[in-house]
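First, one chain by itself: the form predicted on its own, in structure tokens.
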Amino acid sequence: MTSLSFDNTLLLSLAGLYLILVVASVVILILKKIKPDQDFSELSKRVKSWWVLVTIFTLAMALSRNVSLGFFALISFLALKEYFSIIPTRRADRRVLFWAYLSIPLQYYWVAQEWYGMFIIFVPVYMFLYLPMRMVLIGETRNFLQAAGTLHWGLMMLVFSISHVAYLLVLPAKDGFPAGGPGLVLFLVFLTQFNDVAQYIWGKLLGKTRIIPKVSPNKTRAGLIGGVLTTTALAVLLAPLLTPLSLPLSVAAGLLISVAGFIGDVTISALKRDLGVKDSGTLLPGHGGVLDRVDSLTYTAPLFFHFIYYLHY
């Protein structure tokens, strides 16, 4: 198996991530003692889940490249499975779902082979054309457009978009950029998830004006602005360690990730609200299901990937 290269900078960055989790856990304990009348259970569950997520992520990254790619493929599978479990599907399309699931190992195979050309067109061209053909062969026309649309959208968001994280992983290191692909993945995933938490905390502390109450009542203007500013500042600090980005481009990356993360979050929220569900699953305490955790990544992953790929590859 091909091992991933973990230089000292990347190891220090991972250590810093664990330090942040330790500090967050201590802060929650202090808050519980200072303000015993307030409920911090949701925030506590989020931090505990973060310990699990970061540990799994670290192990997957440390073992080998193929294990790491398999980990991201598993994320796509679990998220797509949750998606199909909450959306209405036609009984006639059960066999078509098999081909949708089969696209996951194929998409990640192109990543493992570093075949960019097939990686970038497999889902939006071949799968988009193949799945409706399979549906036509079944012969059921009722709700055909709705069924095709939900299949296509699920593949784009949860297979194609998420696989961009995996392709970041196989990007080579460059002169003056020893962290390589693993550094880019850590930068993207950490900032994306940190942005979610920052928006949540700023919204709780200062949030009064709701942005889109019909979609996500807890999203506030203060939460969005605070999250964008905090995430962008952190991007500037981390970029020299984990990316080849200059100062202006690291600011642009922070703005891109924070704003795109917000859009991805509320887009999946709109889906769940339309379907009348709060969480896509219960796999992660305090976080809901896998789909609930990758909602922001569905937007940040492809946008950040092409931002980096255009500038440096």
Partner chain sequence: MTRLLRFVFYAVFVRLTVLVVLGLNVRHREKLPGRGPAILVANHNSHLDTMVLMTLLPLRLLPQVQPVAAMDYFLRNRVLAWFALKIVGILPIQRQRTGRGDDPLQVCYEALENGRILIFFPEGSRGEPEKLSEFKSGIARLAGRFPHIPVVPILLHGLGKSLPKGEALLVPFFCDVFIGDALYGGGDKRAFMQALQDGMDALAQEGHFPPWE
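Here the structure is a predicted model, which is why all the values come from computation and not from measurement. Residue numbers count along the first chain shown, from 1.
One more form of this protein exists, namely the form predicted in complex with the partner chain; it is left out here, but the text below deals with it.
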Partner-proximal stretch of 75-83, 116-124, 168-176, 232-240 relative to the partner chain in the predicted complex, 4.5 angstroms, heavy atom: 75-83
Contact assignment for the partner chain in the predicted complex, among 97, 106, 206, 212, heavy atom within 4.5 Å: 97
Sole residue of 27, 275, 56, 255 within 4.5 Å of the partner chain in the predicted complex, by heavy atom: 275
Residue 89: touches the partner chain in the predicted complex, heavy atom cutoff 4.5 angstroms: yes
Residue contact check: residue 101 to the partner chain in the predicted complex, 4.5 Å heavy atom: yes
In the predicted complex: members of 143-166 within 4.5 Å of the partner chain, any heavy atom: none
